[in-house]
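Let's start with one chain on its own, the form predicted on its own, as structure tokens.
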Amino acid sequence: MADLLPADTHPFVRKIESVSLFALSGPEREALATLPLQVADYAAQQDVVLEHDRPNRCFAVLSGLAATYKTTRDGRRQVLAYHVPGDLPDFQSLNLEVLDFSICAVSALRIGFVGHDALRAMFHAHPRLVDAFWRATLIEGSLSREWMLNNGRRESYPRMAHLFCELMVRLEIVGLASDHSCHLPITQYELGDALGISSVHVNRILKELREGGLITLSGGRLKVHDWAALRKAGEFDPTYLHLRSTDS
């Protein structure tokens, strides 16, 4: 059965308002908020969609953390992006018939599926929303470029610092981080898949960050003790996130 969420908490409204260059009108917010969502729950490590799928719907993250990934033929995995509540990880499936990536739950995950036909009907009725969603898709490309630079040219220590800065800012924007502290249920193995390093190396870098007084990651919670130092270590500039406002 489809669930309807209030406009103030609906992931599509929250996402688009955080990136749109224009203020949404009342009818536009209502159109987003009344999109019918089929809510589903996934356990950690469970796949939501797989490479080569041909979906007729896409989804929004309602709670938890998801990851887009690809694997080599011998099974080695590369995480390409993390998705926080409000993100629309497979929105491109609206116009790409076959997925070239997989998405899994990193933690316990709740998502809301919405049919492609419902989205197309909304865009036909509210053409400005096409521009807003297109901008959100362009920002995903910006994140991909930054991840490529981060993993390709930064050493492991600044690479991890940059990732923690990004996740903190993105979670803060959707109200899930405060005082540079957030719930981050992510394992060292998963961090290794995202950063392209071994779990042993991940452990070593986490120890260096902790002993340097920059962060603590324990019990599924990330606490940044020195935000300025972490930003400097990771060469983090949030411009690539293209958010309308951030205090980070």
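Bear in mind that the values here come from a model prediction, so they are computed numbers and not experimental data. So that there is no doubt, residue numbering starts at 1 and follows the sequence shown.
A second form of this protein, the form predicted in complex with a further copy of the same chain, is not displayed here; the remarks below concern that form.
Chemist: How about Asp74 - does it come within 4.5 Å of a further copy of the same chain in the predicted bound form, if we only consider non-hydrogen atoms?
Modeler: Yes, contact at 4.5 Å.
Chemist: Flag Arg135 as yes or no: does it have a non-hydrogen atom within 4.5 angstroms of any non-hydrogen atom of a further copy of the same chain in the predicted bound form?
Modeler: Arg135: yes, in contact with a further copy of the same chain in the predicted bound form.
Chemist: When the contact criterion is heavy atoms within 4.5 Å, does Gly64 count as touching a further copy of the same chain in the predicted bound form?
Modeler: Output for Gly64 is no: heavy atoms all beyond 4.5 Å of a further copy of the same chain.
Chemist: Would you check, heavy atoms only and a 4.5 Å threshold, whether Lys70 touches a further copy of the same chain in the predicted bound form?
Modeler: Taking the distances in the predicted bound form, the answer for Lys70 is yes, it comes within 4.5 Å of a further copy of the same chain.
Chemist: What residues, if any, in 86-106 have a non-hydrogen atom within 4.5 angstroms of a further copy of the same chain in the predicted bound form?
Modeler: Stretch hits, in order: Phe91, Gln92, Asn95, Leu96, Glu97, Val98, Asp100, Phe101.
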